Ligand SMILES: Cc1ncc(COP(=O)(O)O)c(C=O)c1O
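The form predicted on its own is given below as one chain in structure tokens.
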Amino acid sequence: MKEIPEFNVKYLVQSPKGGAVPKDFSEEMAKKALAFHRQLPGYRPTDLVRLSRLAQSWRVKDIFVKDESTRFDLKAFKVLGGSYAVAYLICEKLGMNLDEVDFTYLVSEEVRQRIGQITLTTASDGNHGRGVAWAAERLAQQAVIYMPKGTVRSRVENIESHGAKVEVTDLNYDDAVRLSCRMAQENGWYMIQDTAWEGYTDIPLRIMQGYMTMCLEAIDQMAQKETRPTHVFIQAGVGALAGAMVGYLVNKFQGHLPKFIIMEPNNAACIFASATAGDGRPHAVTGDLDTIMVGLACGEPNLIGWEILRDFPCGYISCDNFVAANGIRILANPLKDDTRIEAGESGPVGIGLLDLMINVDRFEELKQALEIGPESTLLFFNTEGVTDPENYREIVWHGKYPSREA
């Protein structure tokens, strides 16, 4: 592990350990998820934005950003996982296979009569909870969402707009997960959580498989442009998204893998802590998990995701709030005719990090270790749009969370 203390950035770069190809994240499974999502009202592939002017300025071959800010008008990718897992749950209650039914049937009166009224519950910083609430709304079911302390009102209102009951707790994210789990057990509710632990893996696996739609779309969109990534930057909370993306790409590009770089906020870097421990086991971090990247403010790794993230990435990076804030500003102010992207705090950390590696001498060693140069085609995921408008304006208009270099 190395550190750049004046920027409060830590990193570990190593040769991937390698391991068995994660079969649960195969091309076949990704196509099943995509086939389901195509049935949902309002589905369309989100844009893969090519930032050609920025790539030229930063002296790399290409920069692509998969922009999830427009997914189902919910401003985040999370609904892909929640909807897929809930549909699986409904099919299990019906004794049916999801491959054999369509979404129109799942929302029918016949299904409501057969399964009765159920309640879905989860803990969420915002986007996942909204995705679960959206799925419950479409299926005419109920949802109860527990949110960690400090949750801003706009994210609460986004979830409530889908008819869910929301409780903002005085707990951090991981303790809110435990509260949600306890309430599910006491009330006979159904837990829809992307955190996996011993004895709770089926729903998290389905959520992760649902996330693959985003990556499958991105790789297909790149193929249409006759290119493929050499580097993939993926932010991590519990590691469900990152594990699903890496798992899918390991299946897709067997023998010719891109370099995977996993990024987290300093105060919630459980994947980084697990990787640097060196013993192959997941390690939790504790405390308030305070970061503007609230979608990544998770202290306990998803066990399914960790097994993938342990074996295949080459880089693990822990960074400060200003990195994400700089990414927001860069995407909001594109060069020349590049497309403008509105990114929430958890979406642009990769772009902010690349800015440091390209433009700050202290990051030259990290850039060289990751082999980023003129032949690099870099893929990023803007996982959310603007879900806290006030904070977004403060960052873009008034320079909140300035660079340490400044």
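Residues carry their position along the shown sequence, with the first being 1. This is a predicted model, so every value here is computed, not measured.
One more form of this protein, predicted in complex with the named molecule, exists but is not displayed; see below.
- Contact annotation for residue 82: none of its heavy atoms lies within 4.5 Å of the named molecule in the predicted complex.
- Looking at residue 237, you'd find a heavy atom of it within 4.5 angstroms of the named molecule in the predicted complex.
- In the predicted complex, residue 134 stays away from the named molecule, with no heavy atom inside 4.5 Å.
- Among residues of the shown chain, residue 247 is not one whose heavy atoms approach the named molecule to within 4.5 Å in the predicted complex.
- Picking from 215-223, 104-112, 156-164, 292-300 the stretch near the named molecule in the predicted complex, with a 4.5 Å limit on heavy atoms, gives 292-300.
- A single residue from the set 77, 306, 233, 146 has any heavy atom within 4.5 angstroms of the named molecule in the predicted complex; that residue is 77.
- Contacts with the named molecule in the predicted complex, taken as any heavy atom within 4.5 Å, map within 336-357 to 346 alone.
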